[in-house]
Structures are given as C-alpha cells and as structure tokens.
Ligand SMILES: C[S@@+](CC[C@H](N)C(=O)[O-])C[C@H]1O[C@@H](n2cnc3c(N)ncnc32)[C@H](O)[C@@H]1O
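One chain follows as structure tokens, the form predicted alone.
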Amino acid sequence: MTLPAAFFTLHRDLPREGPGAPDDVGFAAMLAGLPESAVIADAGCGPGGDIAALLAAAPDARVVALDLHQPFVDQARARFAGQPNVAFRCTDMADLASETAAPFDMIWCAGALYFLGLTKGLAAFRAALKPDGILAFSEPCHFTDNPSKAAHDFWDGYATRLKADILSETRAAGYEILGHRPVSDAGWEGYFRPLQARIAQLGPDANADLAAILDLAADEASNWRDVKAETGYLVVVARKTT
C-alpha cells in the first residue's frame, strides 16, 4: 500500500500512528512473564510510539521494530538513535517469520494487525513465535451486540467483530487467551490530540490534496468521539499453544 505524500505531511513527526498508551504495553508484559533476554517484535511500529514502553517493561530485551513505510521507520530510528538493543526494519509484517531475529518471545502489534486481517494475521504471527511465545495485539471491536451504522462505518468496511468472536478466533488459531481489555479513552486521545493540533497548524496553507487528508483525519477524531461507547480497540494478550 502506497500512501499519498499529503498523508506524510500530516503525520510527520507525530508521536504515534494509532490509539494506545504505555500502560497497554505494561498490561501485556505483566501477563507475558517475559524472560530477561526476550526478543520482541514491534510489528507495525509506526514512528516508534510503543518502543519506550516495551523497553521499560523489559529493559534487557531486544526489540525489533518493523514497519512497511520507510518514513515511519526513519522517524523511529532517529527517535531511538544510540539505543543498542533496538533494531529497525522496513518490511511487511506478513513476513515476520522470515526475519533473522525470529522466532520471537513476544510480538506486540498495536492497531496494525487488521491490515493483514485477523485470520491471516494470527496465522502469520503464530509462525513467527517461539513455543509458548506471546502475541499481544489490539483489534477493532464492537462493544455492543447491536452497534449503530455509525459504529460500523467508523471502521470503513473492516469486518469488525464482537469481543467474544475475537477471542474465539484467537483460540481457534492456536492461542491461549491470557487477558484482554479495551484501549482507554486516554489512549485514543493520546493519538487524536497531537493529530488535531497538526491539522490546525497545516490547515490555513493546505493545498487541495492536503486539505482532503486533513478533513478525513478531523472527521475520524470527531466520529470516534460519537461512537466510542459502541466500538474501539480490544487489547488481547495470548500465548501460542503447541
């Protein structure tokens, strides 16, 4: 997928590329019980918004941060320059099992697994884990049995599931569920507030292409606040079974 230049004009140097908070990483690491020398993949790392939290949760771990988009990889690399136990790759997370650092003790994937689709992503990541390895991911989820059209539309056609269905599919793919919880409102606002500040900064001088991107991003933030009781991300922490 090639993103337009205007997208990177908006997103350049933002702290993260999707909703989430450091305590989501802490929640996953607490359940994971990682070894001191853990090797962790940050799949779909974006500009590196969760790398500091991963290092805080597992200070002696090696983190391999991967993203398909070179501008994000470059930003993350600059952000953590001089950090010896973080490596960066511009690669497709669908090929994670082919990485030289694989298999991993844990894969962390914040708001990016849905680019592969839940079924394909669970299988691809399972192949990249050590026996008893941990997959922690956040997945679009409906929190009510009867979500509104606006809640469906928020995900732009993605086959968003109920919590029970996400957990059931994860188990069927060869994982044991260790825990789960929604991404908090604070985690969403931590993404949207810097984005909205950038929209306000860029708006007055935006050309047509950039203005269209700004409008889409502004609508996303507004729409989420309208439907946040009905839908959001579910953080799932699961162990690979034999």
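Quick caveat: nothing in here was measured; it's all calculated off a predicted structure. Residue indices: 1-based, along the sequence shown.
Keep in mind that the form predicted in complex with this ligand is missing from the display, and what follows is about it.
Among heavy atoms of Met93, some come within 4.5 Å of this ligand in the predicted bound form. Residue contact check for Leu202: none of its heavy atoms lie within 4.5 Å of this ligand in the predicted bound form. When contacts are judged by a 4.5 Å heavy atom cut-off, Ala217 does not count as touching this ligand in the predicted bound form. Taking the partner from elsewhere, Leu122 is found to have every heavy atom lying beyond 4.5 Å of this ligand in the predicted bound form. Proximity to this ligand in the predicted bound form, taken as heavy atoms within 4.5 Å, picks out 44 to 52 from the listed stretches 29 to 37, 205 to 213, 175 to 183, 44 to 52. Proximity to this ligand in the predicted bound form, defined as a heavy atom within 4.5 Å, singles out one entry of Ala127, Leu162, Ala101, Leu116, which is Leu116.
The listed set Cys141, Ala136, Val86, Ala112 contains one residue whose heavy atoms approach this ligand in the predicted bound form to within 4.5 Å, identified as Ala112.
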